[in-house]
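As a starting point, one isolated chain is supplied in structure tokens, in the form predicted on its own.
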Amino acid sequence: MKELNWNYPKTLADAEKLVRQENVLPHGGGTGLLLRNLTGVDGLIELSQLALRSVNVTENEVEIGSLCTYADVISELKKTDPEHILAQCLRHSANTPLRNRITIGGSIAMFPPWSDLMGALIALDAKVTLIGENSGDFPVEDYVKDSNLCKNSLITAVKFHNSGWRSAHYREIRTKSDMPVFNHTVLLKVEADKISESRIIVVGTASKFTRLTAVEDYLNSRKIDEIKPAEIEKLVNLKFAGSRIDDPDYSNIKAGIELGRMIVQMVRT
């Protein structure tokens, strides 16, 4: 392999100039680059000297610097909300050494199919802050769907409204340390024994993620005691593909069963 040119920017302005160059990649935690073929890469941008490792929580908004690790996010969010959906999603993701290494920005940029992070960010209507060829705040959902937003651009932060959701996360795994085959993120708002709003994202489907709008429509304005797990299961119709999926039909059935169980548990606890 050819020698890589390492760059060490100390300011965002320097990082922005570097990220605009072709065949030069950002380096945060580095865990994703270990799995990548670097044959066509000319250089790396080592980001650790940039001030992008803080979590700011206000009454209205949460902003997470892109160099924050999973462990950083869990530690900071637990101070104000131990059951915050991001804390739930990330505390069982990967293992302890990797949670201390994997960065939020890198996870968003790479979006592996087993991601425990992305379902929560999409459900929260989170936005990424970019510098480079694309500059400004963009919805996370647009970022993962539009490859042009990723080109020659660097994620500096992710932000979302600090709203009071009843939330839960489910990981379909074979062993405790396994990467999930799929995962569910569910956000609910309950008012006067009714579901006033719901957001449900499944990560790991053939299209990377799927929003279950049919289940959301079923839940919205429905009384808690009228929610039936079997009816939720019937509304789940997910397509699974890939080498990690042994039986797509079984995965779809299992996804429906687990979703029905977790929603009933959420509203009746």
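One-based numbering along the sequence shown. This one's a predicted model, so the numbers in the text were calculated from it and none came from an experiment.
A second form of this protein, the form predicted in complex with a small molecule, is not displayed here; the remarks below concern that form.
Checked against the small molecule in the model of the complex, the residues Arg171, His84, Arg199, Lys127 give one hit for a heavy atom within 4.5 Å, which is Arg171. Among Lys228, Lys223, Arg36, Lys239, the residue placing a heavy atom within 4.5 Å of the small molecule in the model of the complex is Arg36. For the small molecule in the model of the complex, the listed stretch (159 to 167, 187 to 195, 89 to 97, 132 to 140) containing residues with heavy atoms inside 4.5 Å is 89 to 97. Proximity of Leu47 to the small molecule in the model of the complex: non-hydrogen atoms within 4.5 Å are present. The small molecule in the model of the complex is approached by Met179, whose closest heavy atom lies within 4.5 angstroms of it.
Though the partner is left out of this view, Ala71 does not reach within 4.5 Å of the small molecule in the model of the complex, counting heavy atoms only. Put simply, Ala109 is close to the small molecule in the model of the complex: some heavy atom of it is within 4.5 Å. Each of Leu25, Thr31 and Ser66 places at least one heavy atom within 4.5 Å of the small molecule in the model of the complex.
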